[in-house]
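Take a look at this single chain in structure tokens; it is the form predicted alone.
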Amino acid sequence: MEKRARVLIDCKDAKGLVYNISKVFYDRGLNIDNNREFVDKEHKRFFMRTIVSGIFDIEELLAELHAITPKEAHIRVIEPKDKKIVLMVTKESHALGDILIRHADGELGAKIECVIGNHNTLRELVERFDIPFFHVPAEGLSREKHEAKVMECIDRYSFDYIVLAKYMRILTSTFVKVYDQKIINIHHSFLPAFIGANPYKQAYERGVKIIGATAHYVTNDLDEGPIIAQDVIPVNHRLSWKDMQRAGRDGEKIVLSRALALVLHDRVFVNGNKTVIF
């Protein structure tokens, strides 16, 4: 039976890679519906995203591709289907609400497994969409003990990504390591500027002329993980930092939505502390 797949290849650069990979597809009678590639010349890394269609066995195709690519190549053959995500929230509803509406309209490209909040504020909103909500309060607990309870909720589900939709807590290195390259955050600043708490106030005090939002993978370096998407909004001296915050919320939900669309459609490669996006 004919099917489609996204073939993602990340490996050390070498001569003839595009030819050899394409020949595997040709020899198997597969059609290349779309293809993009990029070479990071500084680090000598090759990236390729190809959509193929035809009759094939995924394991056999993987074996053939590994045979003609450099050792330790990272190769994935992914049949397009909705990913599964877990959302983590605190009290702010704008990013969460946007995701819930896109999910309800079938635009998200993912199934929301559950929403976890360290406050109960957003339960009613989430349950209107018939999605499980778990309240895991942090009061009186160390970060480690609180995260252990959060992880108990998360691990009830099979999922692809954890989305921090304005989850206003710093995660421990243990948590980040367990879910390495699976956590996506929206930061209310145009990173790398104004890292940490209350970046709108920082931006106001600095007298900036633009504010922005950044969606990125979470690493142990606070707000410094590989960037997936960014955008900016012009501001001026008439705005207080709270005015900037209100204006920035629209940017935050748009940038997060854009980043999720890229990740959920397998368009993002992590390349050290940067990303390659097709």
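This is a predicted model, so every value here is computed, not measured. In case it trips you up, residue 1 is the first one in the sequence shown, and so on.
Unshown form predicted together with another copy of the chain; subsequent notes refer to it.
Stretch-level contact check against another copy of the chain in the model of the complex with heavy atoms at 4.5 Å: of 170-178, 91-99, 149-157, 77-85, the positive one is 91-99. For the three residues Arg128, Tyr204 and Ile228, a heavy atom within 4.5 Å of another copy of the chain turns up in the model of the complex in every case. Contact annotation: Glu72 falls outside 4.5 Å of another copy of the chain in the model of the complex, judged by heavy atom distances. Interface membership of Glu64, defined by any non-hydrogen atom within 4.5 Å of another copy of the chain in the model of the complex, is ruled out. Among heavy atoms of Val18, some come within 4.5 Å of another copy of the chain in the model of the complex. In the model of the complex, another copy of the chain stays beyond 4.5 Å of every heavy atom belonging to Asn220. Within 4.5 angstroms of another copy of the chain in the model of the complex, the stretch 21-38 places a non-hydrogen atom from each of Ser22, Lys23, Tyr26, Gly29, Leu30, Asn31, Ile32, Asp33, Asn34, Asn35, Arg36, Glu37, Phe38, taken in sequence order.
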